[in-house]
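We begin with a single chain expressed as structure tokens, specifically the form predicted alone.
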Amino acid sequence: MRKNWIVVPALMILLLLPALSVAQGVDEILTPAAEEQLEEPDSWLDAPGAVTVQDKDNDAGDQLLVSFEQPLYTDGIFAYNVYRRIVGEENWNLVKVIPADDPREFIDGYDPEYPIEPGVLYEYRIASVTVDGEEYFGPVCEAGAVSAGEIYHTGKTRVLIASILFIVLIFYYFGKAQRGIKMYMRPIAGIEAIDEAIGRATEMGKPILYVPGISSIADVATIASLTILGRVAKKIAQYQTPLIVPNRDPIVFTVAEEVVKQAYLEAGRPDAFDPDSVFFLTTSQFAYVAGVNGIMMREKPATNFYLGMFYAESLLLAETGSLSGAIQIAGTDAVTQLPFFITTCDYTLIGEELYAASAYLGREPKQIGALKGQDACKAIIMGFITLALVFGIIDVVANTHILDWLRDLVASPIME
């Protein structure tokens, strides 16, 4: 009889062990969000868990790094809606929709309608969205950090080193140019042909047409063109050749008039300056082109300069000048217009050659120093590219892993 009293409780314990282990397993995998929603068995398995918020490094204080726990039950979840509000406010704002297959970590602050304000504490709540459109909300989580901007972007160290090197080289060549040391400058055909073009117009007794582009004074190409205009106008004043400068922009017209007047003054012939030689036509693009083309056909200039920013009208101008038989020198940094100028003009300044032209013509120490400093930086970059190419070939042929070593060196904490 005693044996039966011992056997029966033992059998009951053995039968209850699986149930106890299952209950213990469920207790171990429950998240805080799941424990709060145990009273709603139909939804707590679908709700996301707690949200973790960190301040993002190397930003202006307008971004936060947000992550959240995956729901226990993910079948049928289509996406996650991220809601955010300032602590103390009532309304939630939907700031992000994350597909279910994407990582549950994102950077908040990219949406311009809902920016992150530095020093402001936010609350987040994530909702699972099912295929049927139902939302199951996780717990309300207060951000553990506020966004703050950094003074220095540690990922820009390489850029800082390159900038310092560039500035040092420019000042080095500044000093050499100011000491009167002659430095080699690569000849550019379009710049060397300017004197020849002005001399040809003088011999023929015909005017020179100078078009400073059709952009505003805010364009860098326009500023470079006006600088070249001053050099050209000074030579024209010395040769006493008529000059025609039509303008599309009123401000460019005012600056161009002062530039030409100053050039005649520097040449010692202020009385030879004709106020009507620099004039304003119209702000309409193709009406301006029609006016300039009419000047070409009536005045028959011997030399045409097209220097500055140009758009769809470039071929119309250059083709008309070509038909009139003029020598044409063009220059622009508009890549889409360069083929038209190269085809129809005698000489073309390509890209940065337009900016270098003022240094070539004026020979001022600061401009020459800047030009030589840029050339030195380009030489250094070309040297690095050449070394990378050589090391790449050696790495492939001999399997020396040189590139891996260099990549680890550049990505070292010192460079970061």
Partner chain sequence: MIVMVGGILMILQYFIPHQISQTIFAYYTDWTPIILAFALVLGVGSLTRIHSHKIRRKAKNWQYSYAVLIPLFGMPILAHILPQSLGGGMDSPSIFHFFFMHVQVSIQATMFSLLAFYIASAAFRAFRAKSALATVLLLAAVIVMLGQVPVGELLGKWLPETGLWILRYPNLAAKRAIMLGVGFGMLATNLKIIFGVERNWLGGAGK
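Rigid core: the largest C-alpha set superposing within 1.5 Å between the two forms. Numbering follows the first chain given and starts at 1. Predicted, not measured: the structure shown is a model, and the values here were computed from it.
The form predicted together with the partner chain is left out here; the points below concern that form.
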{"query": "The partner chain: the contacting residue among V140, A272, I251, V120 in the predicted bound form [heavy atom, 4.5 Å]", "finding": "I251"}
{"query": "Option touching the partner chain, based on a heavy atom within 4.5 Å in the predicted bound form, out of F279, F171, Y73, F78", "finding": "F171"}
{"query": "Partner contact for L361 in the predicted bound form: the partner chain, 4.5 angstroms, heavy atom", "finding": "no"}
{"query": "In the predicted bound form, N58 touching the partner chain (heavy atom, 4.5 Å)", "finding": "yes"}
{"query": "Contact label in the predicted bound form: A370 to the partner chain, heavy atom within 4.5 Å", "finding": "yes"}
{"query": "Contact test in the predicted bound form: Q374 vs the partner chain, heavy atoms, 4.5 Å", "finding": "yes"}
{"query": "Segment assignment from 232-240, 332-340, 82-90, 124-132: heavy atom within 4.5 Å of the partner chain in the predicted bound form", "finding": "332-340"}
{"query": "Any residue of 316-348 that, in the predicted bound form, places a heavy atom within 4.5 Å of the partner chain", "finding": "L316, E319, S322, L323, V335, P339, F340, I342, T343, T344, C345"}
{"query": "S284 C-alpha shift between the shown form and the other one of 2 Å or more, rigid core reference", "finding": "no"}
{"query": "Rigid-core frame, C-alpha of F166, shift of 2 angstroms or more between the shown form and the other one", "finding": "yes"}
{"query": "Rigid core superposed: E353 CA moves 2 Å or more between the shown form and the other one", "finding": "no"}
